[in-house]
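Okay, so here's just one chain, in structure tokens, the form predicted alone.
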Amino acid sequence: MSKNVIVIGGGLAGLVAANFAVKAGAKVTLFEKSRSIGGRAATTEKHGIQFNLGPHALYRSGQAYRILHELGVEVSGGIPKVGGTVGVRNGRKHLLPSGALTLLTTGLFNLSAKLEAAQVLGSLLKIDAEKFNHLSVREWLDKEIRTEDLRLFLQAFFRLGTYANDPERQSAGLALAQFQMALNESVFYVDGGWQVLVDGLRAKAELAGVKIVAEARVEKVERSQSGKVIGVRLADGSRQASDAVIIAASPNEADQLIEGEPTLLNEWAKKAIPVKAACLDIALERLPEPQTTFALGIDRPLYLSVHSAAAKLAPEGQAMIHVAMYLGSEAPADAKAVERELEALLDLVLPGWRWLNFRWH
């Protein structure tokens, strides 16, 4: 007899869980509290331009890419070009190194740092990243990298690869593993935005028999006196029995859903550290600097990428740009100041963008 499985959460994680559960022979119902499915992977269209919720990219050698292929969800898109990239330091643009020649000519490094970079960067692809799981990013940089210029450069790429700006606590092993994935096979921007992934996973799930219920908030995961999961209680007061429940939500949200005595999840929720970023999504009638499609902050945790230069996210000639600041675990005290810094990055990298910004009617 097949088991009844309930999935809570209709983002990518919930949709993937539902697909694998139904493939394993379970009878699956997915509940999503919002009206639409997709969560942070949702894409909004305005005047033919596709807006993701901040910058999204698939690592071509990452687990998500493999899972989509395994589930038969086909996606198209493009790999960001190496050319047209700049590093920003002390409010100035510099060539971002992408090889031996650009490493020699960039103004980001002094000579000592260039010599060290030439020795270190190639070797980072070959090291066993897991050996450094016990070190923080800061500890690893201080121990392994001699020059401050190269420390700043590597830290910028660690932020880029992990969406996190917390070198005192972040695992060096994880940061190095992401760095290796990015250099080995780069990333992939998805044509049509990440809604394409949501729609593909939903279609596969429903075709396999998953029942997806939107605008249905689960209030509690109910357990028997012995602690066994017996089902869920919804906000409308109704109950649905199940043999197992999969919660595709943050540790905090998941912990609050569990009825009865605290579980191990409660300890995980207490220890979990959120990853936060401030994002500004911009659509332009055209690019003022067509040759510049990517910028990375070296001494500030900033990011800019013209995603439409690699993927189909805007009509021909128009541009979809993501600008972001990688934050620590705390939200900034002055959100307007962050917004001004993001706009200042646009001013520096793509001067004239304000005159080409769409005015929505």
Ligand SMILES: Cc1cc2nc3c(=O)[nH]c(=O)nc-3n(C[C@H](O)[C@H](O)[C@H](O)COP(=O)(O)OP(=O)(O)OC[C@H]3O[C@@H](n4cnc5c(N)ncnc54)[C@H](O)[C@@H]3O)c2cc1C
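As the structure is a computational prediction, the values presented were derived from the model and not from experiment. Throughout, we count residues from 1 along the sequence that is shown.
A second form of this protein, the form predicted together with the named molecule, is not displayed here; the remarks below concern that form.
Proximity to the named molecule in the predicted complex, defined as a heavy atom within 4.5 Å, holds among E168, E253, D142, E130 only for E253.
Of the residues given (A283, V88, L287, A248), A248 alone sits with a heavy atom within 4.5 Å of the named molecule in the predicted complex.
Only one listed stretch (28-36, 311-319, 294-302, 66-74) carries heavy atoms within 4.5 Å of the named molecule in the predicted complex, and that stretch is 28-36. In the predicted complex, the named molecule lies farther than 4.5 Å from every heavy atom of G352. Using a 4.5 angstroms limit between non-hydrogen atoms, G328 is distant from the named molecule in the predicted complex.
By the criterion of a heavy atom within 4.5 Å, P55 is counted among the residues contacting the named molecule in the predicted complex. Using a 4.5 angstroms limit between non-hydrogen atoms, W194 touches the named molecule in the predicted complex. Residues A216, R217, V218 of 204-236 are found to place at least one heavy atom within 4.5 Å of the named molecule in the predicted complex.
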